[in-house]
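Presented below, as structure tokens, is a lone chain in the form predicted alone.
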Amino acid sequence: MCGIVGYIGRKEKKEILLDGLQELEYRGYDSAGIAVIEGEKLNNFKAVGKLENLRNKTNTFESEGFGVSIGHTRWATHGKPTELNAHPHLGAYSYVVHNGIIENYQELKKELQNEGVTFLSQTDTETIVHLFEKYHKELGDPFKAFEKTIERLEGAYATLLITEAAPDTVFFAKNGSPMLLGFDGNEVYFASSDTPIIGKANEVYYLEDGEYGYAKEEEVKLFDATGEKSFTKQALTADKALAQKDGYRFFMEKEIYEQSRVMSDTMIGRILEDSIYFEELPEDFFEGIYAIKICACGTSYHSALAASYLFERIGKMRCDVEIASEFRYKEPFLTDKTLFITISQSGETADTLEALKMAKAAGLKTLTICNVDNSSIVRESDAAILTRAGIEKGVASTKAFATQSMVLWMLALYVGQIRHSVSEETLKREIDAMLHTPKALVVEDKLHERIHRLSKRYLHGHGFFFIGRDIFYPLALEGALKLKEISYLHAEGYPAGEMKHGPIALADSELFTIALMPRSLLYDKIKSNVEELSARDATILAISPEPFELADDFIQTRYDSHPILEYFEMMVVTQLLALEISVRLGNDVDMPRNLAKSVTVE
């Protein structure tokens, strides 16, 4: 999740930008850059890696007197983390920074290239600055050119643009990605969250979607689709830790709520009207491939297990899933007709990385699904698909799991598409369900409050069973893992049909069963399994769109037309349940004992 800062004023701009970017490090980044206009001179500096690299590059640069300035930390979505791909992006005489994804950038880029524009980067962002300069040449007015530019943009964006054509002005626009304006006297600050400007500005205005405008030293003009509008400033919080969490109690809670938005980022540019497209994969990538082997650990292993059903059901491709730490020592039989897929949130998971090296040594084609570009596993793989979840600070993974699951669902459909094993009707149905996924991930206040109230009943007892069938079995494993990680209560995930083969011996009133009961997939079967547990006096929490009369507690879900929509909605419920139980027990939700975010040792 990229970060933006900006400043108009007479103070040392370099330090304001670098300090602001440092406050955004918690969002994650792989490169950073700043641009400053003083008088009519434009300076810029960019660096890959940690912010310290950018500080070293700018150590002899000083900015004195009035000027305008912008800065950015980049988390790669389009293009590798290189200096050319780092923001700010340069036109002939303008610079732009941007958060979000421009959905129609390929169309805009082709249009500009046909008119003779040369692109230096692989990013979607660069189209903004070239489009602006095209319209400035046509219209002769920088603000009208900026207006015309943002009219052409489709997708999510927060953007700042500075230009030698208006060296005292910062142009800004917001649609789908956060952006705010900060004020201290005649000085104006810009940022993608509160933290960079706390202690600098004393008032703030949070831009709404569709708002744009320009700012000078003593003038800020705001517009939307209806024209110029007034705005009311409010006091700025002084609590940086709270500001980083955007008002949520914990990073994990914030990340659960973010899932709806980051899922849209994961899908942008990959889900077309009637097909799935991965620009990361060559057209012949699956040529000669007859099976898939997925290797992962922990939460990533659970997303892989769910995907194995989809690769075989939709893609008609055999798919085996291995726990990386076991795979390394089993002397696996590997053939070059197998695609080896690794999944990792951090891209540094030691067991998964070693398994990948084994597969490459055996001559297998490799693909990784990861959240961090330029990580060890991404660099080692033949190809990589980024999940675009942004940094995840909570140790117990939430949005990383959700975006991994989406990428794998898209990839299964992509395999079916290129193998012609999926009908046009099925393809259309799956794409329609995918496009509804962000809505299924929205956390409604009513739902969260209900889970909060229910959680007080589940603080004791001798354990939890999370049960489900088909893709809901891996989701049951993940639900149990979330609860274990942050509440320290014993929990297991089980295939519902396996309960009678031993585990049902544990059933009594102190055994809590979390039953995932989707209407669209094997409902009658799992209902029968839950009835067996109820008959043994187990305490049942049913999660389903269908009311279940034997449940002690019931959480009603909204979606029932497609299994994976139900999967994602129930995923949110299990995450919130683990969160609220942990909070009631007084645990550190974000940093549970004995755990680390990235497991870099065996």
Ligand code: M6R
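Here the structure is a predicted model, which means the values were calculated and not measured. Heads up: residue numbers just count along the shown sequence, starting at 1.
Just so you know, the form predicted in complex with the ligand exists too; it's not on screen, but the next bit is about it.
Any chance residue 298 has a heavy atom within 4.5 Å of the ligand in the predicted bound form?
Within the cut-off, so yes.
Taking the ligand as it sits in the predicted bound form, is residue 346 near enough to touch it, meaning that at least one heavy atom pair lies within 4.5 angstroms?
The answer is yes: residue 346 has a heavy atom within 4.5 Å of the ligand.
Would you classify residue 194 as touching the ligand in the predicted bound form, given a 4.5 Å non-hydrogen atom cut-off?
Outside the cut-off, so no.
Residue contact check: residue 258 to the ligand in the predicted bound form, 4.5 Å heavy atom:
Flag for residue 258 set to no.
Could you work out which of 321, 198, 407, 481 is the residue within 4.5 angstroms of the ligand in the predicted bound form, going by heavy atoms?
By the 4.5 Å heavy-atom cutoff, the listed residue in contact is 481.
Among the candidate residues 397, 368, 99, 487, which is the single one with a non-hydrogen atom no more than 4.5 Å from the ligand in the predicted bound form?
Here the answer is residue option 397.
Pick from 346 to 354, 429 to 437, 380 to 388, 310 to 318: which stretch has a heavy atom within 4.5 Å of the ligand in the predicted bound form?
Heavy-atom contact with the partner occurs in 346 to 354.
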